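First comes one chain, alone, set out as structure tokens in the form predicted on its own.
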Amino acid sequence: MVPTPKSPSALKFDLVARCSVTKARASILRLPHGPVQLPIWMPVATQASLKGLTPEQLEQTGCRLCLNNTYHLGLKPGQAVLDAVGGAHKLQSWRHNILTDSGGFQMVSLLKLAQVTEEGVRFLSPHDGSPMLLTPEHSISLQNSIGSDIIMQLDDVIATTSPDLSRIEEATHRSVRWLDRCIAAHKTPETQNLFCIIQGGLDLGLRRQCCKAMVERDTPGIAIGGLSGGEAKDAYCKVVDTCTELLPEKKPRYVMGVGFPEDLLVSVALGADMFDCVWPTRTARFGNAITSSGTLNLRHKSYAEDFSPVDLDCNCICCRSEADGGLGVSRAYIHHVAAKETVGAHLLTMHNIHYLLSLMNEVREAILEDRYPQFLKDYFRRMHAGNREKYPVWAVDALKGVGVNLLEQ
């Protein structure tokens, strides 16, 4: 018997517009801590903090929904502290929305420290080596204590590059069983929204089976998981395209672990609404700026005397001139401090977050005005300086599948 999620839902999803050519959508996700405009990319504040930024600085980037990680918060500060303080919003002084990953991804990222059984996942803490059992029930209990607006089911995550097809099939069906346990364990559906996670590796048949089973559970939102693990981009696109065809129109669709600009734009065209990734903030800590003409390594000596803004087309606080109320940060300054002072990483983190949030706002406007196909052509042309031979083949093929020929004028 398929369990029915507890009601009422703490989420309202308003589908505002659809692209007349692609599968792109614009919508509003109404959550307990305020509305969120979709499509969206979400920054990852793993341990209740975005490295180097205050909550106010994160808010100034326009962020209204960020991620915390259940596994890490369960280890430190721990559930007792979370209960005592009243949840992660109060812990990190964040008045907007939070989404928590269930901890399932650590099955892949900390595989040497993890053992998976039907009961759950046994970890050895990366902090002190102490054992920890993460079950679906414990994951949900931790997320109830965290108080996040969107909570994720514990799923059985296998790398898409794994050659063990029987293990991928096992993980797919186990994820459905674990969702049932998560639904039963969820204590606060009136304030927190439980999302299911579709698994199945790169096997489209398994993905279709999992989609059917997950949709039957009728959770407030649906995620497509297990991707961005090193698989070929064309295979990634086939999975996203296949899943979105089978998902309810009036629920948010979240593709986990995606953050490269071109990946975001193509995935929106394939019908996805929500994304997250650590890459934009992590790469900032290595002196890399995401710009309208590609990612720039500002540690390179060629920027030592470049006094132009980090990105000429960006309106973030770093790139804006002092006359316009910004900081007037130059590429030369970032070059100077990137390898010596943490301020370089902080400034680029603000810039990169602002860039991707602004990009997704532009995507939304293009969908609302029904000009997303042209937006895609303009973006790829600018990104690759008009050289169509540099366009990634996987992107050209995926977009052609939803009616956009990037190689046309």
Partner chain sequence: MTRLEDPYDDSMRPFKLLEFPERSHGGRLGKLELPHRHAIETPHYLAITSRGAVPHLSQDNMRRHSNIKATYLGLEDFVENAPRRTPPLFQQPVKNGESPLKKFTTLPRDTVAVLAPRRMPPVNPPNLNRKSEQAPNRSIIISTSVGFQILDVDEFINDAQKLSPDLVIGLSDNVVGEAPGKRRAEKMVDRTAAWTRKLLQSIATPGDPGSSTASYALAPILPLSVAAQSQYLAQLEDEMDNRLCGFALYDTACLPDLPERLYSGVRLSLDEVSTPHKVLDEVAMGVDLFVFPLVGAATDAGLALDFAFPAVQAPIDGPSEQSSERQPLAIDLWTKDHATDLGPLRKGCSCFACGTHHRAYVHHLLDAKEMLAWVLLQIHNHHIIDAFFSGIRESISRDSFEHDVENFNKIYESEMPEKTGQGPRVRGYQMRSEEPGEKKKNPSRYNTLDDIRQKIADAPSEPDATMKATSLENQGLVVTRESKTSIGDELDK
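Numbering follows the first chain given and starts at 1. Predicted, not measured: the structure shown is a model, and the values here were computed from it.
Absent from the display: the form predicted together with its partner chain. The rest refers to it.
- Between its partner chain and the residues 204, 184, 165, 304, the one pair within 4.5 Å by heavy atoms in the predicted complex involves 304.
- Think of it this way: in the predicted complex, its partner chain has a heavy atom of just one of 215, 235, 332, 278 within 4.5 Å, and the residue is 332.
- Using a 4.5 angstroms limit between non-hydrogen atoms, residue 260 is distant from its partner chain in the predicted complex.
- In the predicted complex, its partner chain lies farther than 4.5 Å from every heavy atom of residue 195.
- Its partner chain in the predicted complex comes within 4.5 Å of a heavy atom belonging to residue 337.
- Residue contact check for residue 59: none of its heavy atoms lie within 4.5 Å of its partner chain in the predicted complex.
- Listed stretches are 176-184, 240-248, 286-294, 135-143; the contact stretch with its partner chain in the predicted complex is 135-143, by a heavy atom cutoff of 4.5 Å.
- Every member of the trio 47, 71 and 130 reaches its partner chain in the predicted complex with some non-hydrogen atom inside 4.5 Å.
- Along 71-95, these residues reach a heavy atom to within 4.5 Å of its partner chain in the predicted complex: 71, 73, 74, 75, 76, 77, 79, 80, 81, 84, 85, 90, 91, 92, 93.
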